[in-house]
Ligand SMILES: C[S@@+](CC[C@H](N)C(=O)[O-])C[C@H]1O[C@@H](n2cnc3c(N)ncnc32)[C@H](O)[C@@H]1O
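Quick heads-up: it's one chain on its own, the form predicted alone, in C-alpha cells.
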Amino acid sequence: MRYNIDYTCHPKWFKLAKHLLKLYIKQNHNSLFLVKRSYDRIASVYEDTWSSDYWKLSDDMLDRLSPKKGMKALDLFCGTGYVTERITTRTEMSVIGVDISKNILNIAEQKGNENCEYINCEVLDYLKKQPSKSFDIVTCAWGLGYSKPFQVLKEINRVLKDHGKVGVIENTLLTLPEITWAGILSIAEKPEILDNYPQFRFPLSIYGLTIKMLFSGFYIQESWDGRITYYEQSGKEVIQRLRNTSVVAGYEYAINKRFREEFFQRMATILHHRYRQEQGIPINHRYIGLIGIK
C-alpha cells in the first residue's frame, strides 16, 4: 500500500467514517493504553523537546495556585516530576506524583528528590482509593484530556479539603491544528491503516473546562488561555520533533505498525506543502489554565 507521490490529498471521507464506526464498536485498545505505550517509548527523550516552554507555563499555573508551606499536595499526570518537585520547594512537604507510565516515572525517580513520592497508577483509579478531604492542593499539568476529565475532577473535589484548590494547565482540542489536519488527511487517504479508534477528551476551549469544573463542585478563582508558535523548516523536522514529545501520545499506536512510518512520511509531505511559510512550518500550541476552589 503506497500513498500518491504528489502532495495533493485524495481523502475518502465515506470510507473513513465507515471504518471509524467499525473501530468504535470493536475497540481493540482503549486510548489510555495507547497513550501509556507512547509515553513509555519517549521517556528517555521527553524532556529534550519544548520542555522549557511547558515548564514556564506550569510555573505560571503554580504561581496562580500559590501553594503554601505545610500544605499537603498531590500532582496528577506528573510525568518526569517537574511540577511535583516545584511544589515540594514551595510547601516544604513530601508530594505525591501519579502517572500511568512506568518509564516516565523512572526518569522522575532518577532525579533523586527525597521529598517526591512517585506512584505508577492510572490517575482515576488512584483517586478512587484515596480518603475524602485528604489534600490541600491538587495539580493536573498536561494530562487531563487523556483521562476522563469530568470523573477526575469530581474525584479531585472529593479528596480536597474544604477550601482546597486545584490547578489545571492543559492543551485544547484545537491545539496544533496544522498537525491534526495533516494527520486526518493522511488517514482519510488510506482509512484501512487505522487500527484503533483514539478517544481523547481535551476541552475545546476554556469554557468547556470551566463548565466541567463548575459541575464538579468548584468555584472558579481564575482562568486564562494562550498560544505559543514554533517553526520548523520541513515537514520531516516537524514529525521528528512531535514523535519525541507527548503531542502524538496514543496517536502513533492507533496506526497499523506496518504502515506507521509511511503514514508519518505522508504527514510530513502534507505539512510541508500546505503550511510552509517564509519562517518555516508553524506549530501552534494552544493551552488553557484554571484555578478552582472547593
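Each residue number is its position in the shown sequence, starting from 1. Keep in mind it's a predicted model, so treat the numbers as computed, not measured.
Not on display, but discussed next: the form predicted in complex with the ligand.
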The ligand: the contacting residue among L127, I100, L176, I187 in the predicted complex [heavy atom, 4.5 Å]
I100
Have a look at V95, A141, L209, V166 for me and say which one sits with a heavy atom within 4.5 Å of the ligand in the predicted complex.
A141
All three of Y39, G79 and C121 touching the ligand in the predicted complex at 4.5 Å, heavy atom to heavy atom?
yes
Spell out, yes or no, whether the shortest heavy atom distance between I104 and the ligand in the predicted complex is within 4.5 Å.
yes
Y146 near the ligand in the predicted complex, any heavy atom under 4.5 Å?
yes
Exercise: V35 in contact with the ligand in the predicted complex, heavy atom 4.5 Å
yes
Contact of Y231 with the ligand in the predicted complex (heavy atom, 4.5 Å)
no
Going by heavy atoms within 4.5 Å, which of 71-79, 87-95, 215-223, 155-163 lines up against the ligand in the predicted complex?
71-79
